[in-house]
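The chain below stands alone and is given in structure tokens; this is the form predicted alone.
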């Protein structure tokens, strides 16, 4: 019988609870330092203990997962802990398209896919010398916002970059990507695309609470000026949002364009969960500054379903459970290879 496995971090609890609800055996690849935490949850059938997640590609771990006929559900920790080549070399079936994770991790490839999707994308700043307005500097890959910073000039950029280098967070300019800052209300749009039915589902939306940038808003402006701090965009948690209903038509249209573009650029396309991340301006226009080509942690808000999944399912449906149901359907129809890579 097929088992569902994931790494012990990010959204593992949601993924494995959803898998158990759909009748699967569940496996957690767990760092030894977190064993005590995950032993608390009875829906986890088996823990494979490792010193680091890099052991996922080693023969001992691979053999255990193969013996359990496991399918791995990727999430942000997989991308942050392993580079694209390491992920692509994993010998266990990965749910979705593991090749598109390279596009998520590389800023230039990410921008290309968003432009191909005809999304409204902020301007890229090719060189610090070209900074002339508010710009956000981002690290490559799934860094969870850590090491991001705002800047308005080359001089300010160099000062902040050098401080991050001294802290060991980045190595140099090549670790950073500069993008025009997009103003508006942040929103992270959660989708699921099924290649089995060729249907797109809008699953929910959230905002992220980021430290220290959000906490700074509680400090009066004069004191902010006196603080020698590079505010962090490190994600601490997520906040639910319900959108104005008039925005939903464009939400679906953006998701469909993204799915179509992914089919063209990175076979077999954007299968399973993904997220378009950006801001709404005062006219309700969405600017997409990121995408995540897998389940995002914001879906943890909706373990019993979101307002939008409730419109689609007459039962509690988390993103984790939706993934498991897709695997169940594919297994029943002998199409597992259509939804895994």
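In this text, all values refer to a predicted model and were calculated from it rather than measured experimentally. Residue numbers count along the first chain shown, from 1.
Heads up, the form predicted together with a small molecule isn't pictured, but that's what we're talking about next.
| Of these, 257, 160, 98, 138, which has a heavy atom no more than 4.5 Å from the small molecule in the predicted bound form? | For this set of options, the contacting one is 138.
| query | Exactly one of 45, 31, 277, 68 has a non-hydrogen atom within 4.5 Å of the small molecule in the predicted bound form; which residue is it? | reply | The option sitting close enough to the partner is 277.
| said: Is it the case in the predicted bound form that 18, 193 and 272 each bring at least one heavy atom within 4.5 Å of the small molecule? | reply: None of them does, since no heavy atom lies within 4.5 Å of the partner.
| in the predicted bound form, which of the stretches 175-183, 162-170, 194-202, 259-267 has residues with heavy atoms within 4.5 Å of the small molecule? | So the stretch in question is 175-183.
| Partner proximity in the predicted bound form: residue 208 to the small molecule, non-hydrogen atom cutoff 4.5 Å | Yes, residue 208 sits close enough to the small molecule in the predicted bound form that at least one of its heavy atoms falls within 4.5 Å.
| query | Using 4.5 Å between non-hydrogen atoms, is residue 55 touching the small molecule in the predicted bound form? | reply | No - in the predicted bound form, heavy atoms of residue 55 and the small molecule never come within 4.5 Å of each other.
| Is there a heavy atom of residue 147 no more than 4.5 Å from a heavy atom of the small molecule in the predicted bound form? | No, residue 147 stays farther than 4.5 Å from the small molecule in the predicted bound form.
| message | I'd like to check something about residue 302: if you look in the predicted bound form, is any of its heavy atoms closer than or equal to 4.5 Å to a heavy atom of the small molecule? | response | No, residue 302 is distant from the partner.
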